[in-house]
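Alright, here's a single protein chain in two forms, structure 1 and structure 2, each given by itself as structure tokens.
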Structure 1
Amino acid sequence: MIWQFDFLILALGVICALASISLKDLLSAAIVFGAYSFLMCLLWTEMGAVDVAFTEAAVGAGVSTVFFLAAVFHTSRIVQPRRRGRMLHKLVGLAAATGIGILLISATADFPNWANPNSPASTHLSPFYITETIPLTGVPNIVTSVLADFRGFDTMFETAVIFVAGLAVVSILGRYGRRLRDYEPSPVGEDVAHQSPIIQAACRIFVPFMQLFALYVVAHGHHSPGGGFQGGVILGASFILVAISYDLRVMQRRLQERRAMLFSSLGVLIYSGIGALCLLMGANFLDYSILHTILPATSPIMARSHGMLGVEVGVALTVMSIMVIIYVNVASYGKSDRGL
């Protein structure tokens, strides 16, 4: 921990946060917000939370910036000035924010110091996780074992949250199944001038490596930072990259929106299905150790490790397809046409 470095990151983060809420140009605001996410990612790496930093880099600085850009593209780039000055609203907002800020700062006085080994968080549950993870689950990455086994039930619902987010976008914007009566040409002309051969060639070279890396992240989540969420986002991002460098149609030839919807349900179904399988075999829900009776050549402990791999695959499938679904719907305003 180098406090000068942390201080610099934190200061830059605050500047980015303030800039992104005060910029009138939404495109710049989205980009500055991406920078903010990246600074947060650095801060988390500094704290040693590499898995979280990885997710923040992939989701916060990566795809969510693309989603914001697509949304800005279809709505308005410049914030419209309000005609009536709402001084009262602003004052009430300022007072509420200040009040909560004072509350939060007043609480920090009671907190243990940063990285204090005697803090409750380090002494209460952590020793158990640190000493027992390998004997009980056979997984070297403690974060993965906490995320996918000890608290795997939370992670199952987190995956369901991602699924719901995609489904919500589809149910609000999506028009498949409906006649495209109000079909209008997309804002950017359909001319080929936007299709740069350099970008396309770069994309063609880039995508296979991205996908390979994503699969590595999913499969190697037990041993190193990473796992289903990060791998799924990178996989989804590879499809989004195709959609940006070519257009949505080209991407949809590889992964149709309907099929993505199917995959997204399937992913969460794999996760909850593994849980339910344990239940049907007589153990508690998500108690993977019982799976050793059907998995060949495993002990109850290795069965936990394999069970985690199974659910991580489910997570990756859902996250990948939902990233694609959200991008397709936001970028094409629900029409699934050529997109941006």
Structure 2
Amino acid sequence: MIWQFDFLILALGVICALASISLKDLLSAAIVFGAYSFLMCLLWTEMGAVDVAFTEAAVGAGVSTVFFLAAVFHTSRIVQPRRRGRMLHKLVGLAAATGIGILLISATADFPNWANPNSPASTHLSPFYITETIPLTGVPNIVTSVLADFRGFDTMFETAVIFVAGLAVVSILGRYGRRLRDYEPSPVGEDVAHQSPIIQAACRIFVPFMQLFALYVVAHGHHSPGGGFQGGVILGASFILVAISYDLRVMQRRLQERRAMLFSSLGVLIYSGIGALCLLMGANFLDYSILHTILPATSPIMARSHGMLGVEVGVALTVMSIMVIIYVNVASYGKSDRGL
């Protein structure tokens, strides 16, 4: 690592973080926050955490920024100043941040020294994952083997959390928009008023490559940085790009909201179903090695690799669908009309 480069990125990240919480223009704050996420992506890459950087680039600098912009579109762009009690709120917030900061800094004294080879993580967990990942799973990417195999039960519930988040957005924004504004969707063939031939032509070129790359990220996440989460976000971003370039109804001709909800449920079902299948065959939950008895020409080790691919496909379906569902409801205020 080059400490000068790391220090520069960290300094710029702190500046962007302070600017994002101090700007009164919410649109500018959202853009600065996206720049902060991009800087963090560079920092993770410099530190060698490529999978984390991949996720930060796709989620933090990409889809999250779009969600913020869509939310700002339906709110006031400029923060309204408080006439009374503003200084008190600042003092309370400053005191809370200072107290938590002191607590976190004091807790670092209990951590092992940086790069200490005698720390518990370096003497127990890390050597096992580094030395046994390929012999036990046949997967070169240690991150994928940890998330989808060694820690697969936890990752399944993380996928369920994403699914529940989508349900929460639909239940709150969808019901709110339909109750306050009786919306009747206009005919599907109606022209879009804000068409831009340049943007739409670029969208038609970019979207197939985005989706092809997303499928590669999902299928090749065992051997290179990536996996179901990153690939699902990129797939969802391709549909969101169509919605931004045209409108929501054009995108929903290709992926309707009900179909997206079905895919999100199917993704969770695929993940948990593979684990249940392992139980029915007499092994532990998500113990993919037992699947070699039903997969032709497959050893127990390769069965674990194929099982991880199956759960990554389920994660990708859920993440893609939930990203689209969240954008549709946030951008249209729960009405699923033209959107922004």
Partner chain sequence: MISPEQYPVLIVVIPLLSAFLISILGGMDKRFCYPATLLALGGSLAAAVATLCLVADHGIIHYRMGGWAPPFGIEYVVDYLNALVLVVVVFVAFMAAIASKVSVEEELPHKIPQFYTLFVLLTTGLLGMTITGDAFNLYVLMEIAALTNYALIAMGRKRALMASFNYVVIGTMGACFYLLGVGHLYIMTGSLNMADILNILPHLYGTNAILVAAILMLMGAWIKMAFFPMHGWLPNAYTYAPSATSSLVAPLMTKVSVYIMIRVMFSVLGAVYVFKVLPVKELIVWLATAAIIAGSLFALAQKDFKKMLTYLIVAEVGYMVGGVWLATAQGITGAILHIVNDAVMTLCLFLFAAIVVHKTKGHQLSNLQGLFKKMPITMAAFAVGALSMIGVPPTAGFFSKWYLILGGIDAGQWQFVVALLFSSLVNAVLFFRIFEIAYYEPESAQHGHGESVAIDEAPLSMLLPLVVVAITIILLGLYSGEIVTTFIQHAVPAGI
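Rigid core: the largest C-alpha set superposing within 1.5 Å between the two forms. These numbers come from a predicted model, not from an experiment. Please note that residue numbering is based on structure 1, beginning with 1 at the start of its sequence.
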Practice prompt. Determine, for this pair of isolated chain forms, which one is the form predicted in complex with the partner chain.
Written response: 1
Worksheet item: Relative to the superposed rigid core, does the CA atom of N116 travel 2 Å or more between the two structures?
Response: yes
